[in-house]
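Presented below, as structure tokens, is a lone chain in the form predicted alone.
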Amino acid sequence: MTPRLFLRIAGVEARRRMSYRADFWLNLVVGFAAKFGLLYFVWTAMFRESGAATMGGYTLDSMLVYYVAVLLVSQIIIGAGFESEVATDIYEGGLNRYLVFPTSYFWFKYAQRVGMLLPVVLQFFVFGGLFVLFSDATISLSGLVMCVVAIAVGHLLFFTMSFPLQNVAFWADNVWSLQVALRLTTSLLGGLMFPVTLFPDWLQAVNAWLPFHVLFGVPAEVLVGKIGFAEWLPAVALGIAWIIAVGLLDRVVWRRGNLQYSGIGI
């Protein structure tokens, strides 16, 4: 796929996503407020009842800053609307029109996925900017740049991990449970539920070689200044290595699945 075609597909999807602006912003504002409000009361209670000044290297204030960052990052990494798109194309026979396109189905779908990001990226900068403005949090320019790079790697990595699970639809009647398992695993080990520094040392050592922390924890920790360039660079390199490894698996599953595809849907 050429860069020009990729950007055109992404642009069409972005315009489609921005068609219902009021509904989009209402859902995001209410959703973000509900999630952060719940986390605020939970962690405030935990710090108060435990009497601890820090947990996993975070004070209460820095923990709340971390959750603002990781919630905004997760909106970009996970997004919405892709959990069943590929599987639906397979089940309903909609995959037919993509197979005759002179371009890769994987990159076509990823271009659409990138187009979905425009509204969410706007939310990221609006909410992030307001939080920095009305709090004591500080974000450096270098930290913001490293965060953007980490988010780009994490976004492609999450898509690459989700793609073969949806391709299981070539053989199975329902892949929804696989997507739920992916969400749960990545949220738990990726630092979305809580910082990975709260894990036991042995689990942190194992998790350091897995792709999950790259998805949410690394961008959020860079943004709040918990890790610097020395830790960021190998984490991003690890994410790229996992993208290549899982991408090879994607190709195998896709090719084998196409042999099962009848083109008439289910």
Partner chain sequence: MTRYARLYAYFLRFSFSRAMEFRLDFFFRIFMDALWYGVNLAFFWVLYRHSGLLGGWNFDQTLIFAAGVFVADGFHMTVFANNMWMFPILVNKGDLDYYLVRPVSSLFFISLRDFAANSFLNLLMALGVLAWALIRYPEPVGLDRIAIYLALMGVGFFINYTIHLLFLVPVFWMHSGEGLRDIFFTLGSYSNRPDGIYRGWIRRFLTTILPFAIMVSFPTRVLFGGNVGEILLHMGIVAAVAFGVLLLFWRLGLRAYGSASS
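Worth saying up front: this structure is predicted, and the values here are computed from it rather than measured. Residue numbers count along the first chain shown, from 1.
FYI, the form predicted in complex with the partner chain isn't displayed, but the following is about it.
Colleague: Can you confirm whether 62, 210 and 228, the three residues that make up this candidate site, all sit within 4.5 Å of the partner chain in the predicted complex, judged by heavy atoms?
Modeller: Not a single residue of the candidate spot has a heavy atom within 4.5 Å of the partner chain in the predicted complex.
Colleague: Would you mind picking the one in 206, 53, 237, 42 that has a heavy atom within 4.5 Å of the partner chain in the predicted complex?
Modeller: Of the candidates 206, 53, 237, 42, 42 is the one lying within 4.5 Å of the partner chain in the predicted complex.
Colleague: Can you pick out, from 149, 121, 71, 188, the residue that has a heavy atom within 4.5 Å of the partner chain in the predicted complex?
Modeller: Looking at the other structure, the residue within range turns out to be 188.
Colleague: Name the stretch: of 139-147, 168-176, 153-161, 105-113, exactly one has residues whose heavy atoms fall within 4.5 Å of the partner chain in the predicted complex.
Modeller: Selected range: 168-176.
Colleague: Quick one: is residue 126 in contact with the partner chain in the predicted complex, heavy atoms, 4.5 Å cut-off?
Modeller: No, residue 126 is distant from the partner.
Colleague: I'd like to check something about residue 233: if you look in the predicted complex, is any of its heavy atoms closer than or equal to 4.5 Å to a heavy atom of the partner chain?
Modeller: No, no contact at 4.5 Å.
Colleague: Answer yes if any heavy atom of residue 184 is within 4.5 Å of a heavy atom of the partner chain in the predicted complex; otherwise answer no.
Modeller: Yes, residue 184 is a contact residue.
Colleague: Does any heavy atom of residue 180 come within 4.5 Å of a heavy atom of the partner chain in the predicted complex?
Modeller: Taking the distances in the predicted complex, the answer for residue 180 is yes, it comes within 4.5 Å of the partner chain.
Colleague: Pick out the residues of 87-106 whose heavy atoms come within 4.5 Å of the partner chain in the predicted complex.
Modeller: Contacting residue: only 91.
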